[in-house]
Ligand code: 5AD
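Given next, in structure tokens, is a single chain: the form predicted alone.
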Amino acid sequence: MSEVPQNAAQKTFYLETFGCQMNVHDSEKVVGTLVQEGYRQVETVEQADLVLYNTCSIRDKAEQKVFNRLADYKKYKKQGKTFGVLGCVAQQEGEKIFERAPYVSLVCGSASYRNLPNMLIQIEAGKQRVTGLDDRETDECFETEFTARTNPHRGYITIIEGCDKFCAYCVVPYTRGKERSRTSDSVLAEARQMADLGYTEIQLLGQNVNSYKDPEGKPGARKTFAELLAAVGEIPGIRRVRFTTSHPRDFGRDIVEAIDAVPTLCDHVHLPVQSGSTRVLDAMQRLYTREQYLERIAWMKAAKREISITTDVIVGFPGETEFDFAATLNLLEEVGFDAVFAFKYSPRPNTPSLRMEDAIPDDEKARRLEVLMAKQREIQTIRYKKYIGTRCEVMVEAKNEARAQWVGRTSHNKTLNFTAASKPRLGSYAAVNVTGSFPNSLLGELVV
């Protein structure tokens, strides 16, 4: 929980976050802003005067979860609670949210969080419906003035907002706007500040983080994404640098070279493929072929350091044949991903895929998803076993009291649960001997 002024006890807020790490970091911006305005964060809806949902609209399931949550809490409106919808669903649906959920008083898009204080003043003055929707062509709200850091050891920095790719299934360009990059100087200044505050791990964020383009400086002096990565990794005090999410079209060999050259850059890349079929990739408007994706995989497999590779996959895209699906399964085997985040295709508002024919029945999408995840489980079981007998450095993140185990994360972004005779400090780095493996985690013992 965040530190708050003593006079904040009379105003409380509850915030629930849906979606990706960018949404998690957006919530840090909201928390910091509300705390500065005299609000105190609480852990349940029942305790809160102001109830906020920071939303994700990338898939229908996430969006429906938000409206289901709002319906569950209709009864609390009678208790004088104020409800607000933030983030992507807010930007996508706008004032239509008031019609669908009339007990909502605040609708605010992600680039308008700096205006939250003024919106709260309007609500406190009795205004029933307040909106803050982004001018997504010009607004560049990368960070608010008061950003809370809810993780004391890992800090997030947004370096690019929005997306210009317009994949046929994706609503992000319509909710986050066009790509806007921060200056490399401002990113490095914030990273140094975080290092001075004691943060040892930094994660650079963007819808397409590697599409970053330094907006200032002479052409020869502007940093590429790979150069920015390396520069952050060379800041004194920083032990680990991560980045997400990358787009294959803009993924260059120079990123792999930077990982090889700078030890603090984590040896993990999340590179969404979405399909193993070039025909489906073309229908998705992904801007690359299967062969071009595999070329990028080859760069990483040729690196001096072993790089952990994870991906996203969509099954059941309109027109996906059994042959296309088999190509995706084959790609999983050919690459040997360390983890796959797979989803059924979900129609989204305003996207070109809504007009496509040959929709796949939901039960068939579910079957394909089950087959794909079973295949990936087999692959991960084999891949994780190879760590048995090795020694890994982990950042200590938590303790699982029920299992009497500590939870750490490796540079490869693998969860390693371990026992320890002595108590390690949260946020510290420890050497752990790996003694066992599961499809999604490792087991080990702290090196004394």
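As the structure is a prediction and not an experimental result, all values here were calculated from the model. Residue positions are given as counts along the sequence shown, with the first one as 1.
Keep in mind the form predicted together with the named molecule is missing from the figure; the text below concerns it.
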- Query: Looking at 342 to 350, 252 to 260, 188 to 196, 297 to 305, which lies within 4.5 angstroms of the named molecule in the model of the complex, counting heavy atoms?
  - Reply: 342 to 350
- Task: Only one of 333, 378, 282, 312 comes within 4.5 Å of the named molecule in the model of the complex by heavy atoms, so just point that one out.
- Result: 312
- Among the candidates 132, 272, 233, 276, the residue which, in the model of the complex, approaches the named molecule to within 4.5 Å (heavy atoms): 272
- Query: Should residue 40 be counted as a contact of the named molecule in the model of the complex, where contact means heavy atoms within 4.5 Å?
  - Reply: no
- Item | Proximity of residue 169 to the named molecule in the model of the complex, heavy atoms at 4.5 Å | yes
- Message: Please tell me whether any heavy atom belonging to residue 59 falls inside 4.5 Å of a heavy atom of the named molecule, as the geometry stands in the model of the complex.
- Response: yes
